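Heads up, the chain below is alone and in the form predicted on its own; it's given as structure tokens.
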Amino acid sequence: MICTGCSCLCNDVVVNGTRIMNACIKGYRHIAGAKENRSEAKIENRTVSIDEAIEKAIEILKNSRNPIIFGLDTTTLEAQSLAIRLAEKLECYIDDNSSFCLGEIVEAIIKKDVPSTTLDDVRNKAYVVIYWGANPYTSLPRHMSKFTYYPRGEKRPRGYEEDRYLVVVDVRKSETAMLAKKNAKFLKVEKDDELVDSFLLAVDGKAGKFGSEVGVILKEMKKSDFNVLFAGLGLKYGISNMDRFFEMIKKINEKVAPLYLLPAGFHANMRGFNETLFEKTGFVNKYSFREKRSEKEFEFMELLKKECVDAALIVGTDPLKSLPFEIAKKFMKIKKIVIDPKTSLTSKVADVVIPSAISGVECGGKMVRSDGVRFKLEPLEEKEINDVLIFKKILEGV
């Protein structure tokens, strides 16, 4: 089966009865724990039928003046398309976790503002592999072993021992950074902008704060026609000017050697949502179908902060778990509908809960890997009630 535990979408996981093979710890827990902590259909904490819960959700959405649809990063492309149709029909806001995650990186790649590649090509060709603001050792446990540093590829038959050069950029010596020993370099930074400036200066033959370290990395890049940089959440929040970072990528490609950019990973189908919304609107997130545009002010958190929405349809995510306290208090004031296979902090306070199937485990469909490659899911079983069916019923009702 294809594991939907993270955006690596590993397609070599084998499930034989209670045995789960080839999965990482995240994938194992995702599959083995599928039956645990399941949600139930509820209206104001009262157990009801699924049809009743869907009818109540329709009523809330029809009576709402400014609703938002949020989440969708763990569901399929088919369900995401229906959610976007629903947002268009309601003329409401739609957003996902990428607006405060790596959506900006994905958008630049989709627009071809920066060169990108696939994880399969990374495995077969990449020499210099840079993880910037990412710790795949814990967040994407198979990333390094399946795609980047350790594999023996077509053009890298000797793997990390001789055919790879690892660079880890972080504010601390993470578990991934501790692996940066042979044919590798760890750069500890306090301000990511200083490292960006150092790369830009070095490309022009000048020295910045990290002049010697950057010089070594660029020298290694020149040895290959295929290098890759994985941008993590630490990079997103560590850099004040993302355009300058993109300029750095372009200049290295122009003056030094090929360097491809990829996001370091996120929820299973976040990129799928970004691509699906982009195909419809030309934007990857934080979109208003009423205003017909995407703005910072249309982010889920910003809308809550300014009390611009009166209802939220939350799909496959748990925002209350991570919202700042003051914003969480405002979130509690609005009507909340949750579609989720699992019980969460958000579902416990929701006005309506609609249980669904776990994508890839209990229902099929398509998802997009973090590099843009699409996969057809092969679930262990097919549950009748899934996100696609739920959205179809809501669309019919509104």
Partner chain sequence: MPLTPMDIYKLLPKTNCKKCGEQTCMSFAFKLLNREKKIEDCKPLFEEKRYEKQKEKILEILKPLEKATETGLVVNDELCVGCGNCVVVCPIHVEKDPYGMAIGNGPNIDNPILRVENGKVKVCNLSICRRYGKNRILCVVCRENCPSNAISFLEG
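Positions refer to the first chain, counted from 1. For clarity, every value in this text was computed on a predicted model and none was experimentally measured.
Same protein, other form: the form predicted in complex with the partner chain, not shown, and the subject of what follows.
This chain is displayed without the partner chain, yet in the predicted complex the stretch 22-30 from 326-334, 22-30, 45-53, 344-352 comes within 4.5 Å of it by heavy atoms. Proximity to the partner chain in the predicted complex, defined as a heavy atom within 4.5 Å, singles out one entry of 162, 175, 194, 91, which is 175.
179 is the sole member of 187, 101, 179, 203 with a non-hydrogen atom lying within 4.5 angstroms of the partner chain in the predicted complex. In the predicted complex, the partner chain lies farther than 4.5 Å from every heavy atom of residue 251. Contact between residue 222 and the partner chain in the predicted complex is not found at the 4.5 Å heavy atom cutoff. With a 4.5 Å cutoff on heavy atoms, residue 137 counts as touching the partner chain in the predicted complex. Mapping the unseen interface onto this chain, residue 12 counts among the residues with a heavy atom inside 4.5 Å of the partner chain in the predicted complex.
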